[in-house]
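Look below for two forms of one protein chain, each set out as structure tokens: first structure 1, then structure 2.
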Structure 1
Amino acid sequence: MVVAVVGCGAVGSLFAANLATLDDVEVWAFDLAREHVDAINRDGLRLTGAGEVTGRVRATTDAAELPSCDFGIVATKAMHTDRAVAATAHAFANGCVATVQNGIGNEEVLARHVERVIRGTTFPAGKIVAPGVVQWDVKGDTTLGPFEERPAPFEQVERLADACSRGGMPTKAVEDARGPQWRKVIFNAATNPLGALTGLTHGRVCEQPALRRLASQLVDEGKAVADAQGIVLDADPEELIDYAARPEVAYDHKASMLQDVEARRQTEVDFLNGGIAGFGGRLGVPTPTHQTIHALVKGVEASW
């Protein structure tokens, strides 16, 4: 099996490094960060923290170097999806491509470039601490399922899920992956921007009663939007927020949106709070809290 990870940031690196420990999987990584790619090719891709792994990955900044692949795993920031997949689509002409990205709408972008798409949701998280080195902060499960408009064959979804699980990233194949995806979208949209706006880790956000109530308001609006689409969540995002706040889970984790704000990078708020508000507008479901949070984060970006 040949797998290419498109976007070898923190989450992409978790998949790439773990899959590369398998004897029956050849792993490639496409990323534009030259120092990161050079370090991976020289020393391997190293994970520290929640797991200690060094994977031998073939990394490149040149999409033309990617071979024909059985699977692609797209892990770029949502705003970079179109450009990244357009550049790498040739490698997946006969394969299937999964997204494990944050937010709403990535599958639709993939479907403009490739024929067989997998809807994915993943909870592991971390951060790059040096070229070729990723701190693995949070373990968690991944769910994969066929994207309805351009579905990958379910047996191929199962094949990729099996490889990820054997490599140390527990992954389940399901027929309808919308429930897990919206559960995470609602969770992320309720917590990530609060960390980004306050500078607090997940656990510290939850310790502030006013912020915790605000997170619940965001969850309630997100649930209403999911319900209007007939999506059944596979778990309650409220429970996930409190679970993640435990010291042994993600109390000290800085959400990816906070990491972006600290680095003065564009955030994914358009695909989280903006995405939920957009669906709400089309479905006639009020989302005033998401609209407010979206405006505040965009204001922070504008201040740079």
Structure 2
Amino acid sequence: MVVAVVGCGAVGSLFAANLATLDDVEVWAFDLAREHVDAINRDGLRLTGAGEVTGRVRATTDAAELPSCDFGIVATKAMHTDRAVAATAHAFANGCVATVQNGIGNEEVLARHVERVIRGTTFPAGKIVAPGVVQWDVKGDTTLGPFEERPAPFEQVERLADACSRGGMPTKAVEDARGPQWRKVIFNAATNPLGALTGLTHGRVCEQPALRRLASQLVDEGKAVADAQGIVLDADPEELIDYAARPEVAYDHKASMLQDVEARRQTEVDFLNGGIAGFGGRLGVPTPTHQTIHALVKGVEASW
């Protein structure tokens, strides 16, 4: 089986390196970071931290080099999806493509370019610490399911989930993957931008009663939008917020959006609060707080 990871940043690398430990899987990585690609080809792709893994991965900055693949795993930042999938779609003409990205709306973008799409949500996290080397910060589960509008066959979803699990990334195949995805997007949209706008870590956001209430307001609006689509969340995002605020979990964690703001990189807010507000608009569910937060973060981006 041949798998190509599209966007071999922190999360993409976790999939690529772990899958590459399997004898029956050939792993390719498409990424535009030349140094990272060269290091992977020279020394292998190395994970440290929550797991020590070095995987033999064939990396390239040239999409034309990708062979015909059984599966794609898209792990770019959400705003780069369209360009990355347009460039690599030829490799998936006979395959299925999963997204494990943050936010909502990514499957719709994949479906513009490829035939068989897998909706995915993943919790593991890390960061690139040197070319070819990724620190694996947090282990966690992944959920995959057919994307309703352009579904991959369920047995193919199961086949990819099985390979990921065997490779060291516990993954479940489910008929409806929207519940875990909306739980995660609601969690992210309710907490990441509050860190990004205030400069506070996750734990400190939760300690400010007015900010914690604001997070709950964002959760409530997000739940209403999920509910209007008949999506049953697999757990309450509120629990995840309080759990993550514990000192031993992610009290000191700077949300990825805060990291983006500090580095003056475009954020994923369009796919988090903007995504929820967009679905809300189409469904007639009011999301004034997500709209406010979205406008403020876009304003921050405009100030650079």
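Just so we're on the same page, residue numbers count up from 1 along structure 1's sequence. Under this definition, the rigid core comprises the largest set of C-alpha atoms superposing within 1.5 Å between the forms. Every value quoted in this text rests on a predicted model; they were computed, and no experiment measured them.
Enquirer: I want to make sure I have the labels right. Is the form predicted on its own structure 1, or is it structure 2?
Expert: It is the first structure (the form predicted on its own) rather than the second.
Enquirer: If one rigid part turns against another between structure 1 and structure 2, which of 72, 181, 106, 221 falls at the hinge?
Expert: Comparing the two forms, the hinge falls at 181.
Enquirer: Looking at the two forms, how many whole degrees does the smaller rigid part turn against the larger between structure 1 and structure 2?
Expert: Relative rotation between the rigid parts: 11 degrees.
Enquirer: Rigid core superposed, I'd like the Cα shift of residue 247 between structure 1 and structure 2 in Å.
Expert: Reported C-alpha shift between structure 1 and structure 2: 4.2 Å at residue 247.
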